[in-house]
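To begin, one chain is listed below as C-alpha cells, in the form predicted on its own.
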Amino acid sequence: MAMTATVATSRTARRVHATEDRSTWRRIDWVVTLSTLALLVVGSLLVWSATAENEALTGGDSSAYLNKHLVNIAIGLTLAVVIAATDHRWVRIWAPAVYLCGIVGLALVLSPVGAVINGSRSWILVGGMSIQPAEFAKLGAVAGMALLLAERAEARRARSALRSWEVVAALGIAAIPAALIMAQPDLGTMLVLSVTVLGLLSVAGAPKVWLVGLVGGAVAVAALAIQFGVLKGYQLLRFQAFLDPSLDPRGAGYNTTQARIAIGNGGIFGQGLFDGSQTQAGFVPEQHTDFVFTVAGEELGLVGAGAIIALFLALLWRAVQIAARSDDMFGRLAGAGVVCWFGFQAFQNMGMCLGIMPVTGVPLPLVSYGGTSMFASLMAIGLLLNIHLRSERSLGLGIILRDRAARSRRF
C-alpha cells in the first residue's frame, strides 16, 4: 500500500509540475493583461487624435506623437514582461535599488540638471527626452515600504497590528521622496503618493490612531503650506479656480472650463474620433497628457468615456484580488500599493477633467502621453503579474502537499 501511495503521489506531483511547466502566457492573469492592453490601444488613439492637427507640437508630421507614444509603450511592455517573469526573490532584492534610483532622480531634478516645465521643476532633459523621476519614485516608495513592512511581519510571525516604531520607519521611507517632490513642487504627485502610503499602511495593519492622525496631519500641513506661502501662486489660483471657474476664465480657470465644454460636446456617442470640435481646434491645453480624458469625452462620448472607466475598474478589481490572494506579505502590500496608486491617480485625472477635482497635472495611467509615466505604470503592471504568477505556483505546491497528507492518512 505504501508503494501504491508513493506512485499515486508521484503521479499527482508530475501532473501539477506539468501544469506549472506550461508556458507563462497560459498562467498570466488575463483580466489584468487584456484591460491593460485595451487601455494602451485606446490611449494611443486618443493621443493621436489630440496631436494630429497640432502643427506646433508635431512640426507638420501628424503621426509624430503617435510614433513616440508607441515606442514608449513598447519599452514599457518590455519592462513589464521582464518584471513579471523575474523570480519573486529577485523582485524583493531589487526593491531597494528601485527606491534609491527614484531618490537620486528626484535629487537631480532639484540640481542644475533639472528643468522647469509648466512652472514645476520636475524634469530632467536628456538628449531631447524629458524624464520625470517622481513617477519612478512612486513605484520605489511602494516597493520600499512593502519590503520593510513585510520583513517586519515575517519577523513577528504573526498578523498583529504594526508597532508604532514600524509605522514611523515606513513613513520615513515615504518621507524622503515626499520632501523632494514638494520641493519641486509637484502637488499632484504628492497627493497620489500620500493616498498610496495611507492605503498601504492600512492594509499592513497600522493602528487606527495612526491613520486618523496622518489624515489630520495632512490637512494641517496643507493649511500651513497655504498660510506661509509654500505653494506657488499658480497652484493657489488652480484651487481657487476649482472652487469658482468663473473667477479667472482666461487664466487659472481656462483649463477646467475648456475641459468641461469638450466633454459636454460629446453627448452619448461622441462627435467621432478625430472629429471633436474642441480637440481638433486645440482649445484644451495639454490635451495629449493631463487632459487626454477630455478627448474620450468629446469624440467617444459617454459610451467611450464610460468604457475607459470600466476598464480601470476591471483592472483595479482584479488587482485587489491578486493582492488578497498573495501568499506572502510583500506581495499583498505591493499589490495594495499599486491599487491605491492607480485608483486615486485615475480618479484625480478624470476628476479634474470633469471639474470635480482641482487641476494638479497628473497623467492618466496607461493612457496619457509620457514616457516616464508609461514606464512606471507598466512596471507596476508587471509587478502585479509577478505576484499573481507566484500565487499560482504556490497553489500548485499546495495541491501536492494536500494530496500527500490525505494519502498518508488513508494508508
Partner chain sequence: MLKSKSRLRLIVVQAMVVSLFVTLFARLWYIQVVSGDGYQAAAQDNAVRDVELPAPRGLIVDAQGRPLVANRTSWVVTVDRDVLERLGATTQTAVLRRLAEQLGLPRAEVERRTRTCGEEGAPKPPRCWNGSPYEPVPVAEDVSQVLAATILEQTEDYPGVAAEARQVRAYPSPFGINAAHILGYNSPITQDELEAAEGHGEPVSPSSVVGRAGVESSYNRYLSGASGVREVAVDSMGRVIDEAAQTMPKPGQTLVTSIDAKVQALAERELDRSIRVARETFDDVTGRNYEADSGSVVVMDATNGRLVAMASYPQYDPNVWVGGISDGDLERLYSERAGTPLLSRAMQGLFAPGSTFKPVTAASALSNDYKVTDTLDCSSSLTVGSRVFKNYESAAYGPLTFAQALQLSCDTFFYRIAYAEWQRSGGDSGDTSIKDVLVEGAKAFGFGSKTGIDLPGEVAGRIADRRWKLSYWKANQDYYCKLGKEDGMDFLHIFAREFCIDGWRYRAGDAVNFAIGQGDTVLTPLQLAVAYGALSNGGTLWEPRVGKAIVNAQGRLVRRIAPEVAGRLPVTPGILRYLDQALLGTAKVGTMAWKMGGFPLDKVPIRSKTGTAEVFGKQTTSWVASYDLQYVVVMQISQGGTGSGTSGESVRKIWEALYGIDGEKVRVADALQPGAQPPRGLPTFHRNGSISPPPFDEASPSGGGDASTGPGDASPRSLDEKAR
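Residue numbers count along the first chain shown, from 1. From a predicted model like this one, the values you see are computed outputs, not experimental measurements.
The same protein has a further form, the form predicted in complex with the partner chain, not shown here; the description that follows concerns it.
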Item to check | Candidate stretches 88-96, 69-77, 202-210, 103-111, one within 4.5 Å of the partner chain in the predicted bound form by heavy atom | outcome: 202-210
Checklist entry - Any chance residue 347 has a heavy atom within 4.5 Å of the partner chain in the predicted bound form? => result yes
Item to check | residue 122 within 4.5 Å of the partner chain in the predicted bound form, heavy atoms | outcome: no
Item to check | 4.5 Å heavy atom contact, residue 301 to the partner chain in the predicted bound form | outcome: yes
Checklist entry - According to a 4.5 angstroms non-hydrogen atom cut-off, is residue 275 in contact with the partner chain in the predicted bound form? => result no
Checklist entry - Exactly one of 263, 187, 143, 197 has a non-hydrogen atom within 4.5 Å of the partner chain in the predicted bound form; which residue is it? => result 263
Checklist outcome for this item: With the partner omitted here, the residue among 83, 182, 316, 214 that in the predicted bound form has a heavy atom within 4.5 Å of the partner chain is 316
Checklist outcome for this item: Near the partner chain in the predicted bound form, with a heavy atom at 4.5 Å or closer, the residues from 332-358 are 332, 336, 339, 340, 343, 346, 347, 350, 351, 354, 355, 356
